[in-house]
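We begin with a single chain expressed as structure tokens, specifically the form predicted on its own.
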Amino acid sequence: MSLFGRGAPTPSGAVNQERIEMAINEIDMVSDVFNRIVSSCHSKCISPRYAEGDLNKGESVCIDRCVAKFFEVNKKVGEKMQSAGANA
């Protein structure tokens, strides 16, 4: 089994540098998406004046909707890019 659980093992336990780079790129992309969601939804849904330690119901609902919309738009953009790439 390989370093990430797919394919054949590398000979003599060697580390597959290409897979490590792919994993690092994926972590970077996921971190970027997470940070953009946090930044965008925080500024839209949470008052800069923190009156309570926990989120209130309105803030929680807003964040749920914000994250759902973010992923929906991300999905639609990805689909458009795929279709544009297929047509090119």
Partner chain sequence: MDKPKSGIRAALEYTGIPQSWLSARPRLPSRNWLIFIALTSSVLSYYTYDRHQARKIRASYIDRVKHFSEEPMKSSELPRKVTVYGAKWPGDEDHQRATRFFKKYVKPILVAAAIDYDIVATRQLGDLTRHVASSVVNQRRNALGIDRPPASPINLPNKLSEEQQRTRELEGGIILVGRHTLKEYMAGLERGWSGGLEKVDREEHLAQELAADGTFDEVEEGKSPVGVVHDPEAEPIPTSSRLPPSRNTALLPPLVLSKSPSIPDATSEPLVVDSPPSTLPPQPPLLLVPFTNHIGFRYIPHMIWSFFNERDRVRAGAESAYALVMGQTRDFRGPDSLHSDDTLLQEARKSTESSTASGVQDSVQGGDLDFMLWSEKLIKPHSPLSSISDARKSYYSTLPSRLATARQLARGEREMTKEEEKNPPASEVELRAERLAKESKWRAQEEGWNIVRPGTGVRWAEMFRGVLKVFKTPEEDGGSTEAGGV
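Note that the structure is predicted; figures quoted are calculated from it, not measured. Numbering follows the first chain given and starts at 1.
Heads up, the form predicted in complex with its partner chain isn't pictured, but that's what we're talking about next.
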TODO: Quick one: from 79, 21, 72, 64, grab the residue that has a heavy atom within 4.5 Å of its partner chain in the predicted complex.
DONE: 64
- [ ] Considering only heavy atoms, tell me if residue 55 and its partner chain come within 4.5 Å of each other in the predicted complex.
- [x] yes
Open item on the list: Please determine whether residue 43 contacts its partner chain in the predicted complex, using a 4.5 Å cut-off between heavy atoms.
Closed with: no
- [ ] Although its partner chain is absent from this view, report whether residue 60 comes within 4.5 Å of it in the predicted complex, heavy atoms only.
- [x] yes
